[in-house]
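The chain below stands alone and is given in structure tokens; this is the form predicted alone.
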């Protein structure tokens, strides 16, 4: 594009999307400051720049203003912590046209490696709409990148993603499945199993949070029981004893819930990270294989980049396998905590029965109301534990299947 062209011509180009195929996969490598060190032919061709125009330039040379600054703030915040990151990104070519990619950026020696695939899943459509809304908010409200990132995270939570890791896992898995379908490839059993694990993990976490929130709602019942038992006098002695026992048990529940809820979060986090790592390992494997057969470009040391890509492939295959073992271990840890919560729930049920009998004998409305509160909390615990046991059973079964599928279908092949 001749940059002496009119603004009308420039605007016309901005509305044209550059087509590229699902088989095409981009890669670029930058230093720690985001300056381009290497890339492949697809990246150079779709961007519209010659390699000499890309080499040493900041990667934002292809940045499109349709992507909210929040996305890049989150991306760099994670990368600086050494975390692999996935995001939908709209890029701009040299002539002003645009193209969308799903980018997987991973730390590597001396900088970062970004591999991009063509997105097409239903989540991609949601992301496009959210980006447009957030970009408009940034402009209208003069939001800082950090403020905008908070808005983005709030929207992801509203859409059902507990964390950004949960969003990455769901989006990359969905993009890989959609890509395989477009390429008429058989679905990957491992990713399909992860897609079953992720909602089960979310259900488990929701049930654990339900118990925790129920405790907070009814945490003053033991104290109120004790106060009213004192007001009744000697006839309320039994209620006072029940209240004391309930208070002791309540303290155990409070102490146990902290670890219980954290263990549920850890299970969910481990599964989400594992799903993203596995899909990332597939992407790294594909780009390493693709680049090894590519005709070398002038200015790019093919041998050096092959080594970088092969190292990333090996790293993420190892990380994917490690994450699988981590899921199994975290589920074992959580199962131990479920057993403890079941014990506390049994104690709670016994106290509820005694309290109900005693409140019926006394016929004191306030005490009856408090025992009803105790009963309501006990029902929350029982319901939550029932949901957790169901989700935990599904998780353990699907994890076993996942380990088997990985061993038989996706185990790393030596090169």
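Positions refer to the first chain, counted from 1. None of the values given here were measured: they were computed from a predicted structure.
If you look for the form predicted together with a small molecule, you will not find it shown, but the lines that follow are about it.
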property: Contact segment among 178-186, 229-237, 109-117, 247-255, judged by heavy atoms lying within 4.5 Å of the small molecule in the predicted bound form; result: 109-117
property: All of 62, 72 and 89 with a heavy atom within 4.5 Å of the small molecule in the predicted bound form; result: yes
property: In the predicted bound form, the one of 66, 34, 48, 347 near the small molecule [non-hydrogen atom within 4.5 angstroms]; result: 34
property: Heavy atom within 4.5 Å of the small molecule in the predicted bound form - residue from 378, 359, 30, 40; result: 30
property: In the predicted bound form, residue 105 touching the small molecule (heavy atom, 4.5 Å); result: yes
property: 4.5 angstroms heavy atom contact with the small molecule in the predicted bound form for residue 79; result: yes
